[in-house]
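Here are two versions of the same chain, shown separately as structure tokens and labelled structure 1 and structure 2.
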Structure 1
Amino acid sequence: MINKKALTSEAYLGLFLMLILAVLGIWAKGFYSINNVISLLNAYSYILIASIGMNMIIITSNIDVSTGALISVVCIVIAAFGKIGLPFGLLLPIAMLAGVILSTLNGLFITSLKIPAIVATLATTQIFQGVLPLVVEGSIYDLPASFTWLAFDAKLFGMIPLSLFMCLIVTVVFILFMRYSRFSKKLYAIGNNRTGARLSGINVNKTIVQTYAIAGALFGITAVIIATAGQRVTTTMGSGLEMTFIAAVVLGGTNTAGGSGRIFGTVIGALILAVIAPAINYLGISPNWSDAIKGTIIIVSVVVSTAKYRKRKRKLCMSAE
């Protein structure tokens, strides 16, 4: 019964997305040109990959606001390796490893020092951002062709960017993983009732650290896509992106209190967010509206989903009586 309800909430979101896409089809001339769709999907792919990681963290009733800064650090790390000519095949694992290390650090701070996730990751945000300017002077530039290979040359069938393909693999793997693995059940259990989870024999701290580590690997993949978009990598490549990721997750119907939410919702949420900026430009509206529109969509969607959540709860209470 509850399952069905959750499905419909994603269906609503899907319908909303269709509506946006239909409106764009009618009024935004040229929006569906191959070039625009692909460049849009490229931005979508890096938002989605990291949002999936964020989704897992939020399900455990934690959060990570250091993601943007973390991605900036990883970008600089791979730029340093890219500068000496390492190929993409090595940059990707390096980025994932760096992401895992930094994100695990977050997880350890939260669990072993018992600091609330938002405070711990706020602190690490400062550390990540603070260390960067000391190591590099603002940016690493004039990067070689081997570095930009992913963005410039890696096209499947001469058309589809490899980054999009990577996103597809990650998404499918994680949808299956979150649906069928035992590990994912632990995440929902911890998010719903931490004490209950612990009493039922789940090693809560270990699971949370593992979750951060997995998310870190995904942040690493996102960092690679962002960093290799051009020949210069600045110390702020990821700045502010954490909010986009959190927004995609929330928009996708995941409750920030944890314990619920599906990857599929995030898939749609991220797509809506990725569509807005280019859509506004194509519709001939000033880009200053972009953030305001994004914010409005998020508020409306959260209000709607909380209202439904309350209703369901009330129903459950009533049937219990």
Structure 2
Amino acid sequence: MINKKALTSEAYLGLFLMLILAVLGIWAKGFYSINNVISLLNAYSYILIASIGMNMIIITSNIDVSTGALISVVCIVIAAFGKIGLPFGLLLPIAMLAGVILSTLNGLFITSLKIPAIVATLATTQIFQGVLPLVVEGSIYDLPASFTWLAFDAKLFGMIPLSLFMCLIVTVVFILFMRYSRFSKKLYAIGNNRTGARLSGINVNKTIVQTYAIAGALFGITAVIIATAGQRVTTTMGSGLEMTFIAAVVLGGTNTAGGSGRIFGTVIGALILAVIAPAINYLGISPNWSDAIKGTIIIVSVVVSTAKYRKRKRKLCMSAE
């Protein structure tokens, strides 16, 4: 029953996406030009990869609002290595490792120090944002051409960005992982009832830390795609992106209270979010509306998600009686 409801929700979301794309095809001249579509797909790739990590965190009834600042740190880290000429093959694992370390710290603060996730990640946001300017004066620039290989040279069939192919691999792997792995069952159990999960033998704290670590690896991949888009990397490359990732997850139907949500919904939600900014630009609307629309999406999605959760809970209570 729940799977059918989730599928229906995703179907409606897909129809909404198709409506947006149809409207843009009619009123936004040039929106479907090759260059714009490639740029949109590149943005979609990093939004979706990070949103998958955020989705896993939210399923456990936690949150990470430090993601944007964390990505900024990882961008600077790989820029420093890129400056000395390290190839992409080494930059990617370095970024993933840095993401794992920083995100694991969030998980440890939440589990070991018993700090609420929103408070812990707000604190690390301030730490990341405070430390970066002390280490780097604004940006790292004049990076070698090898640093931008992913953005400019790595194209399949001379057209499709490799970043999109990376996104496809990550998405398929995590759809299967969340559907069939034992670990994913633990995430849903923790999100639904943390005490019950603990009593059933799940090491809740360890699982939460591992979830943040896995998400951190995905945030690291996202940082690589963002940082290598040019020969200058600033200390604010990821600022504010966490709201986009959270919006993609809740728009995709994941319950903000935890315990439910599927990656397929996040796939559609991320695409809608990736389309919004360029769509607003092509429609001649002020860019400020982009953030306002994302905020509205979060509010509406949370309200709908909460209403569904309460309805399901009432049904469960009635059936128990």
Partner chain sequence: MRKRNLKKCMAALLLGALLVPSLLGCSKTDTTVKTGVDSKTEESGKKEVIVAMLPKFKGENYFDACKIGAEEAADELGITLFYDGPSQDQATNQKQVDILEGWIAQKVNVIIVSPNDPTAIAPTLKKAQAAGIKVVTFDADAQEDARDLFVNQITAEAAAKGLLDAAARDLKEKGYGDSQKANIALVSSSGTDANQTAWQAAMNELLATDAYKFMVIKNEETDVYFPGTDETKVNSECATLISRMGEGEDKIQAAIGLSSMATPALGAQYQSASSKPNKDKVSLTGLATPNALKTYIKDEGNPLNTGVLWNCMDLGYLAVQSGYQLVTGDITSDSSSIEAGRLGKKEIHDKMCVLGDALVFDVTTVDGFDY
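Basically, rigid core = biggest C-alpha set you can superpose within 1.5 Å across the two forms. Note that this is a predicted model, so its numbers are computed, not measured. Residue numbering: structure 1 sequence, from 1.
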property	result
Which of the two shown is the form predicted in complex with its partner chain	1
Degrees turned by the smaller rigid body between structures 1 and 2, as judged from C-alpha superposition	6
Angstrom shift of the Cα atom of Val302 between structures 1 and 2 (superposition on rigid core)	4.1
